[in-house]
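This document opens with one chain alone, in structure tokens, the form predicted on its own.
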């Protein structure tokens, strides 16, 4: 049973996630940690004031001290520098990898039984760092990225054919960057191929629209990055763990030979339940998809992992 969730990083994603969890789960304790003086405390006080409307009993803590994450069932890492216009996810590595190392050290010491969810970019690399630093079972270190990319994909399909996402069978896998794999050949709507509902031209535009969606958001926000969709994606992932759903979701996990990769993380379909990413589902890949997956190793090498 998930009683305590801690969120490291009380910025836009962390605070929105906290609000979502108060709406969706009955937690005993919700903790926000941030190094910026007063930020997590202020957010916690603001969230407390929704109690009279949302009618929850959750104890909310806002703190600058890692010690408050002690005994957490789930720890979410959202801390770090947000991607700004002109920055690649690899550009974030130097700063955010230091954040991940310190957070991992504290999680290992204070919440050794926790499932860790990473949101900090570059997400797949950060997931790998957390896995290596904590030495947790790979089931318990999960990157949220591919789930967010899949939500963006479903939105783009909807905007083209006006079919609700619940009727669409589609997902994104690979890296949480412009090299993510968006295979329209694997997508369907109630068992029918996409071309029954969309023009070939529209279908051909889908991969690039999904791959560049994050950059498009950053370009418009300028000094910020996406927050609502990442936070909600993380909420859905936490729910699947809390309610032991055994739901198939695309998330980033450490690979040990699956998809021909070892020692790196990328988004793949997994069965999510109380154990975390309980099992990885391997799909047959086309020649083009196999070629795209080679870029995963290259990306990790560029980040000097």
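In this text the structure is predicted, and so the values were computed from the model without any measurement. Numbering follows the first chain given and starts at 1.
The next section is about a form of this same protein that is not shown, the form predicted in complex with adenosine-5-diphosphoribose (APR).
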property: Non-hydrogen atom within 4.5 angstroms of adenosine-5-diphosphoribose (APR) in the model of the complex for each of 6, 44 and 60; result: no
property: Proximity of residue 36 to adenosine-5-diphosphoribose (APR) in the model of the complex, heavy atoms at 4.5 Å; result: yes
property: adenosine-5-diphosphoribose (APR) contact at residue 225 in the model of the complex, heavy atom, 4.5 Å; result: yes
property: Interface membership of residue 170, adenosine-5-diphosphoribose (APR) in the model of the complex, 4.5 Å heavy atom rule; result: no
property: Proximity of residue 127 to adenosine-5-diphosphoribose (APR) in the model of the complex, heavy atoms at 4.5 Å; result: no
property: Single option in 111, 99, 189, 215 placed near adenosine-5-diphosphoribose (APR) in the model of the complex, where near means a heavy atom within 4.5 Å; result: 99
property: Of 79, 181, 147, 107, the one that lies within 4.5 Å of adenosine-5-diphosphoribose (APR) in the model of the complex (heavy atoms); result: 79
property: Interface segment, criterion being heavy atoms within 4.5 Å of adenosine-5-diphosphoribose (APR) in the model of the complex, picked from 276-284, 36-44, 256-264, 232-240; result: 36-44
property: Members of 99-121 lying within 4.5 angstroms of adenosine-5-diphosphoribose (APR), judged by heavy atom, in the model of the complex; result: 99, 119, 120, 121
